[in-house]
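Quick setup: one chain, the form predicted on its own, written in structure tokens, and binding and motion questions come after.
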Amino acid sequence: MLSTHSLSFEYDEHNQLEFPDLKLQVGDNLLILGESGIGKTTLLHLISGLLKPKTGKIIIDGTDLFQLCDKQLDTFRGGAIGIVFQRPHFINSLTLGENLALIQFLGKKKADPVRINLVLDSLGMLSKKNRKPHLLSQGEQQRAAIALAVINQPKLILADEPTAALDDKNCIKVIELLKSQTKRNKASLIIITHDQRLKSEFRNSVSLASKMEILPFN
């Protein structure tokens, strides 16, 4: 479903990163652990096609991301990849339901209000459909961000530090929501984090050390 090969990225001559090869099957969940500044978010942005590597390739569902032109990559990302960013990205002038409809449009999907209602209902957010995102609580915004990531039924869901600001109880709730939504959408999940609490929640994990040394799957 996902494979990466010989990935590297260069910000400048003094800031170069090399990443371990990853392989993920359909339906698999993977936790990538590492301290702040190690390059975790860079790796997530590479996998999602938001950054282009200096070397290497990324194949998702049989598609080599960097063989696509920019327009093709945008379309592919919109339909095949869902991203839960560390800080949720909403258009605050739109309601939550309108934000989800916009994601459908950008992903070249047909307008599907039934799908929007189903996703929001599965996250306990249907009553918030007509609420502006900035009026939601932090926990509601977190669930709304998950809704944005899964609305187009992506093959791959990526989450960047989804539990960083949460207490233990809400940390587990968010992980359970991500896992359940991944399973519901028949997708694969990668969580990138420094949160060691999550290690016991995942069978497969990779640790990134200071020189991008890979530790094997648990």
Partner chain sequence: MNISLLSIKNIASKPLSTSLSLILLSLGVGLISLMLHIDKHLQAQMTNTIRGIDMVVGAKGSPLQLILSAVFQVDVPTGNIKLSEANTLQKNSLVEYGIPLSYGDTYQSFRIVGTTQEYPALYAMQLAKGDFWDMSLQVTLGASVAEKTGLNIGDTFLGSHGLSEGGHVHEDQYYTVTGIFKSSGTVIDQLILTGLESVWDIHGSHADYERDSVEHKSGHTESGEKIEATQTDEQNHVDEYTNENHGESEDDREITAMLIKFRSPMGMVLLPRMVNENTNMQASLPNYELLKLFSLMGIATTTLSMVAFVVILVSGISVFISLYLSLKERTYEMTLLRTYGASRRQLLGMIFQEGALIALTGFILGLMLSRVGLLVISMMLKSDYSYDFSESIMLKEEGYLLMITLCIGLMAALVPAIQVVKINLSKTLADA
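Positions refer to the first chain, counted from 1. Keep in mind that this is a model prediction, so the values were computed, not measured.
Here the subject shifts to the form predicted in complex with the partner chain, a form of this protein not shown in this document.
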Heavy atom of residue 45 within 4.5 Å of the partner chain in the predicted bound form: yes
Proximity of residue 77 to the partner chain in the predicted bound form, heavy atoms at 4.5 Å: yes
Exercise: residue 92 in contact with the partner chain in the predicted bound form, heavy atom 4.5 Å: yes
Contact label in the predicted bound form: residue 107 to the partner chain, heavy atom within 4.5 Å: yes
Listed range touching the partner chain, judged in the predicted bound form by heavy atoms within 4.5 Å, from 187 to 195, 173 to 181, 48 to 56, 28 to 36: 48 to 56
Any residue of 56 to 87 that, in the predicted bound form, places a heavy atom within 4.5 Å of the partner chain: 70, 71, 74, 75, 77, 78, 83, 85, 87
